[in-house]
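The chain below stands alone and is given as structure tokens, in the form predicted on its own.
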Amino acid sequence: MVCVLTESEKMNEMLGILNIVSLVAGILWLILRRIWGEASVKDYFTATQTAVLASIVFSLLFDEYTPFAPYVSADASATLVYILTAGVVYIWLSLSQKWFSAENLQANLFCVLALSALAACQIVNIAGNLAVMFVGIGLLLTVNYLFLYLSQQTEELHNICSRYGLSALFFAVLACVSLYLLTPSGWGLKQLADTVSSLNVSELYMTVAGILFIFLFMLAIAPLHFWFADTIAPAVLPVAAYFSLVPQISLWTAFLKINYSFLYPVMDNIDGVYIIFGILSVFAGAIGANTSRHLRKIFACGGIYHLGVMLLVIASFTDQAVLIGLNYMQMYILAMTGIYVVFYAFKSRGDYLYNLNMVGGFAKVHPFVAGALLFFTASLIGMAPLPGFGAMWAVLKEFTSAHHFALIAVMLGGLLLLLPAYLQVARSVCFAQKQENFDRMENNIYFYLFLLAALMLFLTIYPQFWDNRMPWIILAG
């Protein structure tokens, strides 16, 4: 039976994809501008940021339209996740423009990859079909590889790029095997629970492994975190910021959707896997943060700790756990974005600083920015009454209500291990002797720091913001 859409339905579908169309239009403009001849760094970034802003506006205006159902499953949660991701991308682009201008580098391809990454995140975010989701993940894997490939300035980064490419290809093949076992009729997220339940034991384990491991790899869950921890230090600042900030929230939301839509029936077979991987991430991140003096690597390893905590939370497979996981992730992303804004402020004679000994005494010259760094760092460890405490407290309450006291010990033990690394950052920035003559601060850095802090405070006061915006969690009931 052929389904014929009316003119009104066709128009609604077009309105529903305008946010992605605006990104594609931005990519085409960047390509054509490159063909026509060189443009300034400012021109490239202005066009890219305009495309991102247009995409945000279209998402807000037409969030009630769901194009190409059932392949796409857009809802209030998808809109919120996309706006958060696109907002982070806008801030990242705004600050990266200064980096490219300082380094006098060509920015066209970087901007094309930035818009491609955002489009891929949105495809992953709104997919109502597993094959569509994997198309977005494949595009995101390709963009990640190209970011690494095009920033190969050292032999170390060249080797990391090769390892990432081979690992990504391996997990992509496993994901394709999972799709094959499920067959096209069972790729819809609403039908997958029944499809998975009908598989025999060997097919079930192969299917679940192929789906889970590509997410665990991309989210840098230990022991699959090797590429992420190794990439952050040698990569240039904009690339390190990309991997730390941009893909995380969309991937995490899609991962939750996968778990709470069709993996719920087999939760007894995989909750132990999540607990093992979560514990490994908690301790691998906490220990790794203390073994480096590279600022970005310290916080990257701290991020692995936080992802481990989130994985431990969702192992309980309750509706409350998904809301806690989303709240924890949004706090983490906002705090990490604020920290990277400060990293863009660590600048001396046009060079961006990255080591603990380089930023000594920064607070004496720029006390407000140093204070913002302490604010976001303290929020990451859940210090009361700062933002982040509510998210950490909700995790502890969830563990307590489920009588998972061993997981509380793991979480707090990892936090105690992580704390010295963060204290070392605070000591260097605030109390160490000044080694560099820091550059004058740009006004947009102050604005972004204030905006991010205000958003975190809002979510602390109104933590139930995600409630009733997750219609897909009823599939777990």
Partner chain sequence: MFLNLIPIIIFLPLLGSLFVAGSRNDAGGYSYNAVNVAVWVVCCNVLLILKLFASIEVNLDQIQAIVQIPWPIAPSGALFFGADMLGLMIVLGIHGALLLGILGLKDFLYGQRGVLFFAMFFLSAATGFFMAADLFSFYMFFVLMICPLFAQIGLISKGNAQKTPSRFFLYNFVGAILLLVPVAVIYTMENKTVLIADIAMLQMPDGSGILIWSSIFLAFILRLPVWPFHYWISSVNTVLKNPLVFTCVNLLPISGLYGFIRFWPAALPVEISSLVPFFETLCVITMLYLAFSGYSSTSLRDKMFSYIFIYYLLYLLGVFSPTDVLKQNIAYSLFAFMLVAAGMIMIVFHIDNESSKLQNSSGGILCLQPKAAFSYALLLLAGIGFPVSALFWNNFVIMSEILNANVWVGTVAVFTILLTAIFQLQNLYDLRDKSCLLTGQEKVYDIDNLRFAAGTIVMIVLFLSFIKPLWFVY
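Remember, predicted model here, so these are calculated numbers, not experimental data. Numbering follows the first chain given and starts at 1.
Below: the form predicted in complex with its partner chain, not depicted.
- Distance criterion of 4.5 Å from any heavy atom to its partner chain in the predicted bound form singles out Leu415 from the list Leu415, Ala47, Ile27, Val41.
- Between the options Met441, Leu53, Ile408, Leu61, the residue in contact with its partner chain in the predicted bound form by a heavy atom within 4.5 angstroms is Ile408.
- Contact here is defined as any heavy atom lying within 4.5 Å of its partner chain in the predicted bound form, and by that definition not a single one of Pro223, Pro234 and Ile276 is a contact residue.
- Comment: 386-394 is the region of 126-134, 386-394, 142-150, 306-314 lying near its partner chain in the predicted bound form, near meaning a non-hydrogen atom within 4.5 Å.
- Within this chain, Phe431 lines the site of its partner chain in the predicted bound form, having a heavy atom no more than 4.5 Å away.
- None of the heavy atoms of Arg33 is located within 4.5 Å of its partner chain in the predicted bound form.
- Under a 4.5 angstroms non-hydrogen atom cutoff, its partner chain in the predicted bound form has Ser401 among its neighbouring residues.
- Looking at Leu419, you'd find a heavy atom of it within 4.5 angstroms of its partner chain in the predicted bound form.
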